[in-house]
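Below, in structure tokens: the form predicted alone, a single chain.
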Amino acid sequence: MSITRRKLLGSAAAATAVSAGLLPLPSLAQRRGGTLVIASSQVPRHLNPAVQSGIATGVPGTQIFASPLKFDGDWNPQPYLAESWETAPDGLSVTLNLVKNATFHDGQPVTSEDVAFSIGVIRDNHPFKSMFAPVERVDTPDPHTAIIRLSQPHPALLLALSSALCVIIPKHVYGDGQDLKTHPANSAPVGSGPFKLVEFKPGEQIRLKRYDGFFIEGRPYLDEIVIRIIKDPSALLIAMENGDADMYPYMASSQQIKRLGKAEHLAITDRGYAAIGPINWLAFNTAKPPLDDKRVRQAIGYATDRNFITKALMRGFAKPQRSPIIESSPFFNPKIPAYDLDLDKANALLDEAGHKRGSDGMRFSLTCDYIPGPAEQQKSVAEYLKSQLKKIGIDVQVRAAPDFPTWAKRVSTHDFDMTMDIVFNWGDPVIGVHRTYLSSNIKKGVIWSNTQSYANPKVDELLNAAAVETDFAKRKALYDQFQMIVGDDLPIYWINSLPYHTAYDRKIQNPPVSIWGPMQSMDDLSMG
């Protein structure tokens, strides 16, 4: 990461606490012990971030597994499993010098072989295909030195070596020849992080216990972390208000933010999400008629009112978003087409595409899926689209899913017409943006890849060039072109950035407010 980029992103991501009072400062002698109860509506399929992206897996996974690096709140890389590192002058290798006292939870030492194995697993199995694509191999000259060899410079490599993006998994557990995506250890993981798994009840609870052999002396402070999965939004809020839960991260509902802000024992902050870049969008299955015609997709764009969605449905808490690159990023191109509300233009495009109105006024029907959970960012928008698109002759059937895995299977197997979705930029476009638009990342069965089946050779060319360009100005020019092309093709209609907040008990010291927030080790968090 260049100094220029770090400065730009750091200033763009700066945020302040929105509740009364300042964030608690860490004490000089933090108290050891106690249990942190995290309330969550996210349901993980398993707990291994090496082969699965997302919040549900990332929060527990980064407590169980350690990564080579951490990042602070100002986009600076910090030592973790790697006590130091060095990038070669030509940018074609990065040498990691590992700590010498790290062990997995079964007592086996963490070595450079585990780092090499893990990076290979992530490169070959993770949905972020572009993240480690330039890695040719990882040399292991000794147990505590790992040299990452690249086919080309990788401007986001250090970021990719942190947090949920690069957990180090034990080769002696996962290297047994079984399918890494369905490996039984994914639900009973052995990591080297500050907490070890003691209970995983899918859809109910995850319980983690302090690992006394953790490689940072005196850490973690907590005895336990319990993640309670509470699917009912009202019950979740009551748990926070009554003190039955201590932290509620990834809260994006304006009503929830306002309600918990009234609880005197809780603080609320929007810090901790700088690297996430969360975008709420409407995705089109571009392989299915009539959505294979960009005029139809453009018509839907012109029929949708971002300002109404953000100001009325989301009560002004969310900001409009009109690009695949989060608008707070220095790589955002403000010239991308906005598709401001214009029903006349929408109708004209559908007429031009040959979709005449029938006797009932309708042209054709589409289904619209959404992620189950808090309604404001998903279900409410889908229902708004149903009423809005009827004005231009599109009959929309809003299709509910009973749980996240059901929705994810529909979308990842391309069994959908349109779907609401929430997708992250993950700090750098090469990590979080490329995966959605590269034609090489059309992979059935993998959620948060190119599930839109979108393919444009020029987009592939631009993104592949940006993935190796280390000059900021040249890289921005490539992303500017990319945004103009996808802004015209419109495989996705980008709606808003999510107003993620964390509510937490004021007794908590060192709440997770780095750029990765709750998806980074909480070994320094304590209960005051």
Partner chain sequence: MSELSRSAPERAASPAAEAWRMFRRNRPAMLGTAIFLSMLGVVIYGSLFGGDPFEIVWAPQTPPGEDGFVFGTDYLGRSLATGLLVGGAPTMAVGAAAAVLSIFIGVTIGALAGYYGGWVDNLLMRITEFFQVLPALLFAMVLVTLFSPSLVTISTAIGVVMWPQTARLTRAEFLKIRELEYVTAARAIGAGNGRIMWRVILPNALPPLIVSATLTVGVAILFEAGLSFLGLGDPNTMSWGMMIGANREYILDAWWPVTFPGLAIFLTVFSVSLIGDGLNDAFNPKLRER
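Superpose the two forms; the largest set of C-alphas matching within 1.5 Å is the rigid core. Residue numbers count along the first chain shown, from 1. It should be emphasised that the depicted structure is a prediction, and the values quoted were computed from it without experimental measurement.
In what follows, reference is made to the form predicted in complex with the partner chain, a form of this protein that is not presented.
Complete contact of Asp232, Arg259 and Asp403 with the partner chain in the predicted bound form (any heavy atom, 4.5 Å) = Affirmative, all three are within 4.5 Å.
Region of this chain that lies against the partner chain in the predicted bound form, out of 84 to 92, 332 to 340, 376 to 384, 162 to 170 [heavy atom, 4.5 Å] = After filtering at 4.5 Å, what remains is 376 to 384.
key: Sole residue of Ala133, Ile147, Leu158, Val398 within 4.5 Å of the partner chain in the predicted bound form, by heavy atom   = Of the listed residues, the single hit is Val398.
key: in the predicted bound form, the residue from Met362, Ile238, Ile371, Ala263 that sits within 4.5 Å of the partner chain by heavy atoms   = Of the listed residues, the single hit is Ile238.
task = Although the partner chain is absent from this view, report whether Arg219 comes within 4.5 Å of it in the predicted bound form, heavy atoms only.
result = Outside the cut-off, so no.
task = Tell me, yes or no, whether Lys345 is in contact with the partner chain in the predicted bound form, where a contact means a heavy atom of each within 4.5 Å.
result = No, Lys345 is distant from the partner.
inquiry  = in the predicted bound form, is there a heavy atom of the partner chain that lies within 4.5 Å of any heavy atom of Arg315, even though the partner is absent here?
reply    = Yes, contact at 4.5 Å.
task = Mark Gln255 yes when one of its heavy atoms lies within 4.5 Å of a heavy atom of the partner chain in the predicted bound form, and no otherwise.
result = Contact with the partner chain, yes.
ask   = Honestly, after the rigid core fit, is Ser380 moving at least 2 Å at Cα between this form and the one not shown?
value = True for Ser380: a C-alpha shift of 2 Å or more.
task = Establish whether a shift of 2 Å or more occurs at the C-alpha of Thr406 between this form and the one not shown, with the two forms superposed on the rigid core.
result = Where the cores coincide, Thr406 still shows a C-alpha shift between this form and the one not shown that is 2 Å or more.
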